[in-house]
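Heads up, the chain below is alone and in the form predicted on its own; it's given as C-alpha cells.
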Amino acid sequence: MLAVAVFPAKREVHAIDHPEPAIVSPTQAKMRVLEVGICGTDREIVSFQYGIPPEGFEYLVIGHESLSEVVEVGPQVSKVKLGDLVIMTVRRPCGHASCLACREGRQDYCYTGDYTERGIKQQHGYMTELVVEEERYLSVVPRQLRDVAVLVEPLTIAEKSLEQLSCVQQRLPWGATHRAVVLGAGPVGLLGAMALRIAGFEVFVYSRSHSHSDKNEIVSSIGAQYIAAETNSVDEMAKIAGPIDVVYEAVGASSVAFDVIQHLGPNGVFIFTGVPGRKGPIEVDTDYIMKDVVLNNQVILGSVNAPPHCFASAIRDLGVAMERWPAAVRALITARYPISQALQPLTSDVGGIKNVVTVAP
C-alpha cells in the first residue's frame, strides 16, 4: 500500500510501497486513514533532524496527526465499531517495570525516555492507507466533526497544558485569575487560544506572522486580541495585556519566550510547549528571571504529548469551538493535498496555518 516515508541513513524522503498491516491481537482494530495533519515535527523529520525507524526497517512512515475510519475489528474490541471515525494517540509506553508512569498508562510522563511514538520514534506513523492499532489508543470522533477532526491531536497539547495549569492553580485558595497570553499564531497557538477562551480566560495572542489580517480575523472572532510582534515590542505587549496570569508558549522560539517570561505576573504560570531548533546561544538575564520566579511565586512548566483522556477533552472542546466559531475553526486548515503530492507541504514552505494530507476521500 502507498505510504510516505523518510530514510534517515540515505537522507531521502519519498512515497513507497509499504506492507499492509494485519490484526494480530483480539483487541486491535484496522483503520482506513482519511487525513494526516502536517506539523513542524514532520518537517523536521523529513529534513533529517530526528526520526528513528522501527527495528528491522531502514525507513520510518511519517505522520502522527490522524483521522481514520474503522474497517475491521478484533473479536474482543468493544470501544469502537465498523464505520467509526477515530483519532489515534501518538506515544506508546516503554517496557521498563520501574517506570511508574508508563505502567499507569501515562506514557506522556515516561521516566526512562524509552517510549516509542507513531511516525516519530521507532513506530511507523499514519501517512499510509491502512493502520492497525490497539483499541485503547483510539478515540471516537462524532461524525459532525469530520471536516475538522484532524485538528484534535494538536489541540491535545493545550488540553494537557490546561489540565496541569488547573492542578497548579489549586494552590491559590481564592481561585486563579484568568488573563492569558498565547505566544505564536500557528495551529498549536490558535487552538490553545480557543481552548483558553472555552475555559473562560481573557486571551491575547502575540505573534510574528506573514498574514496578520487572517490571524487577526480568527483571533478576533473567538473574542481574543491579536498583538503583532512586528509593531509591538514585548514591553508594549505586556502593557496591552496587563497583568499576565498565564503564558502559553506555542512558538518554539527561546529568545521570545525568555523576554516574555520577565513580564509574567505574581503567582503566574508559564507553560512551555515548543521545542526550539538548534541555534546559537542567546543572552538571558537569568538573575532577573530567577528573582522574579522566587519573589512572585511563579511556576514554569513544560508539557509534551497527551494521554487518552486529553484526546477526549480535545474532541469535546473542538465540538464546542465548532458551535461557537465554526468559520474560525475551519480557517485553521489552509489546504489539503492528496497523498501523491504530500512532499510539497512537507518539504516546501507553502505557508498557511495547518496543511493536511488527504489519504482517502
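These numbers were taken from a predicted model, which means no experiment stands behind them. We number the residues from 1 along the sequence you see.
If you look for the form predicted in complex with a small molecule, you will not find it shown, but the lines that follow are about it.
Inset, instruction - Could you check which residue among Val246, Ala195, Val203, Ala185 gets a heavy atom within 4.5 Å of the small molecule in the predicted complex? - result: Partner contact (heavy atom, 4.5 Å) among the options: Ala185.
Legend entry - Partner-contacting position among Arg179, Lys215, His263, His124 - heavy atom within 4.5 Å of the small molecule in the predicted complex: Going through each option in turn, the one that passes is Lys215.
Legend entry - Stretch in contact in the predicted complex with the small molecule, which is absent here, among 48-56, 298-306, 66-74, 323-331 (heavy atoms within 4.5 Å): It is 298-306 that comes within 4.5 Å of the partner.
Legend entry - 4.5 Å heavy atom contact, Arg171 and the small molecule in the predicted complex: Arg171: no, not in contact with the small molecule in the predicted complex.
Legend entry - Thr273 within 4.5 Å of the small molecule in the predicted complex, heavy atoms: The answer is yes: Thr273 has a heavy atom within 4.5 Å of the small molecule.
Legend entry - His210: touches the small molecule in the predicted complex, heavy atom cutoff 4.5 angstroms: The answer is yes: His210 has a heavy atom within 4.5 Å of the small molecule.
Inset, instruction - Could you confirm whether Gly189 comes within 4.5 Å of the small molecule in the predicted complex, counting heavy atoms only? - result: Yes, Gly189 is a contact residue.
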